[in-house]
Structures are given as C-alpha cells and as structure tokens.
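First comes one chain, alone, set out as structure tokens in the form predicted on its own.
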C-alpha cells in the first residue's frame, strides 16, 4: 500500500470523528434556538428566571423585609403595599418568607438533580454501551428502586437519616436515578453503532474516552429534558416532605411547612395559604414547561416544522 493510500485509510476514522463533533456543535446551537422558538420553552424560561431571580434576591439579602422578623402588631395582616402578600400568624412578611423558602427549595432540588443526573446518566451510558452483565445489573438495580414510590422512598430515607437539606436532597435524588438510567440508555444503544463511535475505536481511544467524549455529548438533549423535569419534581417532593414535617428544621423557611401552617388559618387569612401555594405551582409549572421546550427542541419533527 502506498503512503498516500495509508494516509487516506488513517484519515477515514478522523474524518468520521470530525463529522460527529461538527454535528454535535450544530445540534447544540439549534437546540438553544429551538428552545426559545418553542412557546413552552419560552414560557418556561421566563418563569424559571423569575423563580431563580427571587431566590437570588433573598440570598443577597435584598428582600423587602427580614424573613424571620416577627411583629405582634402585624399579625395576620392582609396584602398591602408594605406587605405584598400579607403577614402570617407571627407577623412575618409572607413575600420575603417565600423568597427565602424558594432559595431553600431550589438548593435541595439542584443537589438532588445533580445526584440523580450524574449517577443515572453514567449508569444509563454504561448499560447501553457495555451491555451484557453490566447492563443487567444496572437495569435490575434501577427496577428495584423504581418499584418503590419515589415519595415513600424519600420519606423512608429522611426518617432514617433525619431532616436536613442534604438528607432531603439525597432522599429525593435517589428516587429519580432510575428515570435517568432508562431515558439515557435508549439513545446510547443506537449511538454505540454510529460511524464516529466506530472510528474512535479504530483510532485506539480508550473506552472511558469514547463514553465521555463521544457518547455523552450526544445525549445531552434527553438529559436536559430530564434535568428540567427532575428539578420540578424535586421542588414538589421537598414541599411534600416539609408538609409532613420531614423537611429542613426551623428556622429554615420551607414552602411545604408554610402551606401546612396555613391550612388551619386559611379560613380567616386566605393569603397565608395562597402565597406559598402559588409559589410552588409557578416553580413546578416553569420547570415542566422548560422540560416541554427541551423535548420539542430535541424532536426532529418539531425542529423541521
């Protein structure tokens, strides 16, 4: 074989890798553009931005009032210019409390999603790419976790470890791992036979490099959808745990605890229940709409239309 033919033969796999990387960059730019074009994605971005902005305002100490400041002269005051969402039974400003509680909910949801996303994505990639015994072990473990209702699993873990931000995040994250495993494994099964993956093997790349640099970047679309949905479920699960008294202990503000405290007051002070309930609905709706936007952006039929 001449030197020219050898160079052409060696250049084939490299061209396949270049094509795969170029397609990945184009698809990423198209995904962001399609997300903004999607009505659901745009609405989700706006709502999520408002939620995150409110949490950052509380973290920066820019809330209208001190969330934990009590005033006996301001007990159960209705909405006004001074207290936009009224005050609770301790005279605390509900709007400021919601901002602080939203920051706590986002912190727990983000940590839980990070746990579920990293472990579930790696597990799904390994199950789809390796196959055989490794796939069987990973899928059976995911089935065992998935067989237990997520909220009951979270309740059991928090009851065993004790209430707290990290324990709540761990309990919520473990319950969502099987979802990531299942949704990531499906596209990996088709990607492992792609030309650019075969080219990476021909060039002698290690298995870890193939998985992390060639498989993982091409499943970010489905991962992005699940991350958004996991954040929504994390906020709802944290509120449920706090409602049942297993969330972060006082004085840490919690939307679920605020709803629980307001259930006995809603008849005489409706605003104590309306405020935190609306915050939970808007946060969950925002992340769900964002997930719908990511799903539309990653659907080839939607992108073509």
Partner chain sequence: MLVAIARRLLSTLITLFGVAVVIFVILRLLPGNAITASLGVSAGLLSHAQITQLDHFYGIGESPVSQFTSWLGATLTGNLGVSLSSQKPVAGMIAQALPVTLELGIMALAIGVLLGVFFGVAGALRPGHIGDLAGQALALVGLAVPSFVLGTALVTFMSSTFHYFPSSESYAGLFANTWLNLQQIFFPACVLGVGIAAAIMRTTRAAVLEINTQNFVRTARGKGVSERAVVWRHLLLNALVPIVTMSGIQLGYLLGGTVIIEEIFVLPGLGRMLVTAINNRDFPVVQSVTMLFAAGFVVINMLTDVFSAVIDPRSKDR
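Residue numbers count along the first chain shown, from 1. In this text the structure is predicted, and so the values were computed from the model without any measurement.
The following text describes the form predicted together with the partner chain, which does not appear among the structures shown.
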item	value
Interface membership of residue 263, the partner chain in the predicted complex, 4.5 Å heavy atom rule	yes
Proximity of residue 61 to the partner chain in the predicted complex, heavy atoms at 4.5 Å	no
Residue 195 within 4.5 Å of the partner chain in the predicted complex, heavy atoms	no
In the predicted complex, residue 122 touching the partner chain (heavy atom, 4.5 Å)	no
Contact residue in the predicted complex, from 236, 55, 45, 34 (heavy atom within 4.5 Å of the partner chain)	236
Heavy atom within 4.5 Å of the partner chain in the predicted complex - residue from 114, 212, 161, 189	161
Among 135-143, 218-226, 93-101, 80-88, the region lying within 4.5 Å of the partner chain in the predicted complex by heavy atom distance	135-143
Interface residues of 80-119 toward the partner chain, as seen in the predicted complex [heavy atoms, 4.5 Å]	none
